[in-house]
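Shown below, as structure tokens, is a lone chain in the form predicted alone; questions about how it binds or moves come after it.
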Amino acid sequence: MRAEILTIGDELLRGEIVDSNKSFLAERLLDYDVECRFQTSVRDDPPDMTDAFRRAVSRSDIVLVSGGLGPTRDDLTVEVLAETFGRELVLDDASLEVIRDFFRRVGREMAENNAKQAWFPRGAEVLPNPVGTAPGCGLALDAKDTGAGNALVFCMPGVPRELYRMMDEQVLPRIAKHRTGAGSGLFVRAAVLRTFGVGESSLDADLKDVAREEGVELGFRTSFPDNALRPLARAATAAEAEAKVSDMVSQLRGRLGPILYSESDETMEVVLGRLLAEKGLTLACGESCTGGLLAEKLTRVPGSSAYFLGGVVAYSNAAKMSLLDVPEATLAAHGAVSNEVALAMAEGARARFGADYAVSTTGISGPDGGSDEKPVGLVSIGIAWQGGAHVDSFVFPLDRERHRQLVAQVGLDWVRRSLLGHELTFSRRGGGGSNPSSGAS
């Protein structure tokens, strides 16, 4: 089955908001063996919307529409949908009463323009919205309407939390029922593998012989600083598709080694947090150039208090000495951005918090502050644990924000590698690295 996602709103075309609804809807469709073939965004403009509706139903079996269901003058989705396919608008009294009750419960008077949200094309099925005032609707079209085959159009709110719930509770069960009635067709299964340390082009070159047989694909997606792999299989049965994906994942696992850190869409901080919790170990950090980013990443994970003890942002030399016990002589001899200082910061953070592991960062994120000896982009990253430590330096020629993101990810990855017994290295740069059982390097 072919699907199209249509998002509506001037704010999308002006770039005022990021259209995350498309990715959510496409991912949900794939779980039901429905592939998204087209994605379109249009303004709140009736001629553009009409054109988009007609194109979508002429080439897709399922059309998911997001946005334009509100009470204001620029919310035109339902009216334009009805006009496009020659359906009169009819009032759904039950929906109007639900909207009125919503305002009564929150102690507000309902503006009259909210009543427009209770009008739907004749023959449409109303989709309840338990967390907002805008009900959705589903409209079944036949070949006379589309000029092609049958199509189902589902209109949902653009507000993500409302759309997510309506999609899961109202739309997907109807798609599943429709798919069963239409015949099974091809089953689609996919997985997500997250990697860190190798660029997208290098991954593709290294895996050039994987997923070359019929019915399987290997997709690549960059989400800095990671690269995700998307093995996908199509087959006549669900079991066959699942077996093909499982075989690809096994191949990739063996080929990628430690750069593969997640066989789902979990982030590095989630994976590392689970490892620390499983092993009953704790972590602290001492940060300079990352300015608290390591701590922020760790604490965005629910339950991180079980393993993250705290961190110190020691930006100045004085703070490094007073808060992390970095020797003044070390700073004088090597400078703040050096392996020696990074190592002292990691050991100081570990001692201050009494943690099993500590990670440190000190560098020049730019855009200025560099020199011939220590250029912009230079960073030293260290980790320390009971009986050992590791430190290394890199030059990452990136803008300030991406530099900080990459540095933080390397630090988290080193702790993960150490816990798993992998070599402590960074694959983007050849050489270097040490075994986690060794002492300081």
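Because the structure is predicted, anything quoted here is derived from the model rather than measured. Throughout, rigid core stands for the largest set of C-alpha atoms superposing within 1.5 Å between the two forms. Quick note: we count residues from 1 along the sequence shown, nothing fancier.
Another form, the form predicted in complex with a further copy of the same chain, is not on view; read the next lines as being about it.
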So, a 4.5 angstroms cut-off on heavy atom distances: do all three of 73, 291 and 302 pass it with respect to a further copy of the same chain in the predicted bound form? yes
Among 197, 121, 132, 138, just one has a heavy atom within 4.5 Å of a further copy of the same chain in the predicted bound form, namely 132
Option touching a further copy of the same chain, based on a heavy atom within 4.5 Å in the predicted bound form, out of 250, 264, 371, 322: 322
Can you pick the stretch from 81-89, 147-155, 334-342, 306-314 whose heavy atoms fall within 4.5 Å of a further copy of the same chain in the predicted bound form? 306-314
is_contact(residue 69, a further copy of the same chain) in the predicted bound form, heavy atom dist at most 4.5 Å: yes
Please determine whether residue 237 contacts a further copy of the same chain in the predicted bound form, using a 4.5 Å cut-off between heavy atoms. no
How about residue 10 - does it come within 4.5 Å of a further copy of the same chain in the predicted bound form, if we only consider non-hydrogen atoms? yes
Although the partner isn't part of this model, could you tell me whether residue 18 comes within 4.5 Å of a further copy of the same chain in the predicted bound form, counting any heavy atom of the residue? yes
Do any residues of 7-45 have a non-hydrogen atom within 4.5 angstroms of a further copy of the same chain in the predicted bound form? If so, which ones, in sequence order? 10, 11, 12, 13, 14, 15, 16, 17, 18, 19, 20, 22, 23, 26, 27, 30, 35, 36, 37, 38, 39, 40, 41, 42, 43
With both forms fit on the core, is the shift of the CA atom of residue 419 between the shown form and the other one 2 Å or larger? no
If you line up the core, does residue 109 shift 2 angstroms or more at its C-alpha between the shown form and the other one? yes
Answer yes if the CA of residue 161 moves 2 Å or more between the shown form and the other one after aligning the rigid core, and no otherwise. yes
Pair residue 249/residue 37, Cα separation in the predicted bound form versus the displayed form, closer or farther by 3 angstroms or more: farther
Mind checking the CA-CA distance of residue 37 and residue 214 in the predicted bound form? It differs by 3 Å or more from this form, so is it closer or farther? farther
